[in-house]
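The form predicted on its own is given below as one chain in structure tokens.
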């Protein structure tokens, strides 16, 4: 006998009443929009050549040592180490911190989610910058927390204005450093000055997803901050310079006491064994890291010069991406570039309707992008 699903009109009351009972704030969420995939663009525009410069990935991919680790991985039938001890020991050595001050996440995004789950509710508040990583707002909204979105100062974090919004209800402050999508950064001294004025009941989350790409001398010294400010959590990612975006792995650094709390609510086996093995190899491969940094500097300098020659304004960046002002509708430029085979990032979601963000790619990809941008700008 084949069972038929009841028609909507046969449902008692013809209402999905349970949807009225979801947590406060979720109704307001605009789902995170990832960058366009190559397959989507190929399918829509029937193009033979596509370059993807929308998600700030390392165009070099993972190192050859990581590829060998992946090929030799053979523990498919067993659960991963639920505490990730081998990887945490590697991270501890690199970071000069104790393993029990490290929590692993399914991407650094999961660490941000764990912090939201730990500290946020409809009764408390968060603070972050305008034009900052969209996930901060999503985490706040999902838990019904009121958030303060602070206007930027020269596209960077206005930390003095952050301080003015702190009150007894403030629980989390998010600081992306460098910031995504603007590429701006806050110096070590600026962060220290700010942290000294933050009350002890407020957790400050410093998101260092692009940490390795930064070249300025006055940049943040994270372990010094962790050791001096117990109300700070630092997050890092293996998705960017290490080229492991698809494996989804990152980590957080904080006090032993806080990490123990996060581990209470962290899902068992949240980071798979393959990701742990690949990350343990990636974090010690200095040659790949240094070559990726070199390529990023060269690519960034090329884009700066090419954009200057085209009289196109941009925000100087300390990440592996550049935020470009189109002086017109950024979505139109984004769509025009799609038709030319270039995937970049539209920034409407970040309240930057005249900007696009382009990841720094290989030499060929950067030149391809500039050639297509020149064509698109001339027709818009």
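Note that this is a predicted model, so its numbers are computed, not measured. Residue numbers count along the first chain shown, from 1.
Keep in mind that the form predicted together with a small molecule is not shown, yet the notes after this line are about it.
Exercise. Can you check whether residue 147 is within 4.5 Å of the small molecule in the predicted complex, heavy atom basis?
Worked result: No, residue 147 sits far enough from the small molecule in the predicted complex that none of its heavy atoms falls within 4.5 Å.
Exercise. Does residue 248 make contact with the small molecule in the predicted complex, using a 4.5 Å heavy atom cut-off?
Worked result: Judged by the heavy-atom cut-off of 4.5 Å, residue 248 is in contact with the small molecule in the predicted complex.
Exercise. Looking at the partner-bound form in the predicted complex, is residue 170 within 4.5 Å of the small molecule by any heavy atom?
Worked result: No, residue 170 is distant from the partner.
Exercise. Taking the shortest heavy atom distance, is residue 209 within 4.5 Å of the small molecule in the predicted complex?
Worked result: Residue-level check for residue 209: yes, a contact with the small molecule.
Exercise. Exactly one stretch in 220-228, 267-275, 114-122, 176-184 has heavy atoms within 4.5 Å of the small molecule in the predicted complex; which is it?
Worked result: Residues of 176-184 come within 4.5 Å of the partner.
Exercise. Given that the small molecule is left out here, which of 281, 109, 141, 296 has a heavy atom within 4.5 Å of it in the predicted complex?
Worked result: It is 109.
Exercise. Which pick from 302, 194, 155, 133 sits with a heavy atom within 4.5 Å of the small molecule in the predicted complex?
Worked result: Selected residue: 133.
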